[in-house]
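A lone chain, given as structure tokens: the form predicted on its own.
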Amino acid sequence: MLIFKKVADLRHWLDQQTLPVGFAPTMGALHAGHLELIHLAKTDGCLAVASIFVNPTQFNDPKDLEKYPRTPEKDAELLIGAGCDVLFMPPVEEVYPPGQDLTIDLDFGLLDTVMEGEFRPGHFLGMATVVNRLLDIVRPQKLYMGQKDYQQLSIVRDMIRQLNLPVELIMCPTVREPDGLAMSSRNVRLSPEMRAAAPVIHQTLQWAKTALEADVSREEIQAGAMDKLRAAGLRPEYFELVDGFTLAPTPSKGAIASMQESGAGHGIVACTAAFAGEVRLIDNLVLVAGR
């Protein structure tokens, strides 16, 4: 695996390659979910390129940025084992050259104002800006991102549409621990007590799927889910049932029938965020698949 830290060096090397490029942007502290992105890129016949860049512009809490785990040597070993071809690990000034304002100016509608957008102001502008910048640097044919960050993925999809970027976005299913907890770089910060409680997040998402299929109202599902998370010792911020494309709230009742009748076929997704002690976890589950 080759490691590049400068944009010019990476571009010079990539310009000489003939295989399509599959790109997986990460912030490091890698786990099996990240490595699955590399496996999928290789399966698709791509040159697998990963980036590790802890993007300062998407942290609305400086303490969160400071605490974000950084394990570059271990990450490199994991990527080598996964068959990654190239690792791009730039310093901040390579991604954001001094004197240049690379901030994107797009209207994402509901996508960046609901759920995470409400609780993490400025996060998605920073995220979209850095993804756009990395796409401009790497110029991949395929972009691999995990389903766990469903709202992030939805915004990147809309950014690609608005900017007419020549890249295919591929959503990779969430990789989970045996007890259902979604793999996350933040999991290592969980106390033993909170690690034991955290699987209730996935269990609650599964309960919501069963409840929706029984035509329980959206409001009842949301209230019941918040109660379940609190009863387990977590501090939930939100539990939402949304359109899988627009992230608009589903109808109060008959959401599945309404989707089928409208022919929109966007699917229905349950999304949630909750604090397990001092660690904020997010997760989601597709309750009804889109067509």
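In case it trips you up, residue 1 is the first one in the sequence shown, and so on. Remember, predicted model here, so these are calculated numbers, not experimental data.
The form predicted in complex with a small molecule exists for this protein as well; it is not shown, and the discussion that follows is about that form.
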Query raised in the report: Should the three residues 31, 145 and 149 be counted as contacting the small molecule in the predicted bound form, with contact defined as a heavy atom within 4.5 Å for each?
Result: yes
Requested in this report: Would you point out which of 223-231, 250-258, 23-31, 237-245 contains residues with a non-hydrogen atom within 4.5 Å of the small molecule in the predicted bound form?
Outcome: 23-31
Query raised in the report: Within a 4.5 Å heavy atom cut-off, is residue 97 in contact with the small molecule in the predicted bound form?
Result: no
**Report entry** the small molecule contact in the predicted bound form: residue 129, any heavy atom under 4.5 Å
**Finding:** no
Query raised in the report: Could you tell me if residue 173 has a non-hydrogen atom within 4.5 Å of the small molecule in the predicted bound form?
Result: yes
Query raised in the report: Using heavy atoms and a 4.5 Å limit, would one call residue 125 a contact residue for the small molecule in the predicted bound form?
Result: no
Query - Listed residue that, although the small molecule is not shown, lies within 4.5 Å of it in the predicted bound form (heavy atoms), from 197, 211, 183, 165 - result: 183
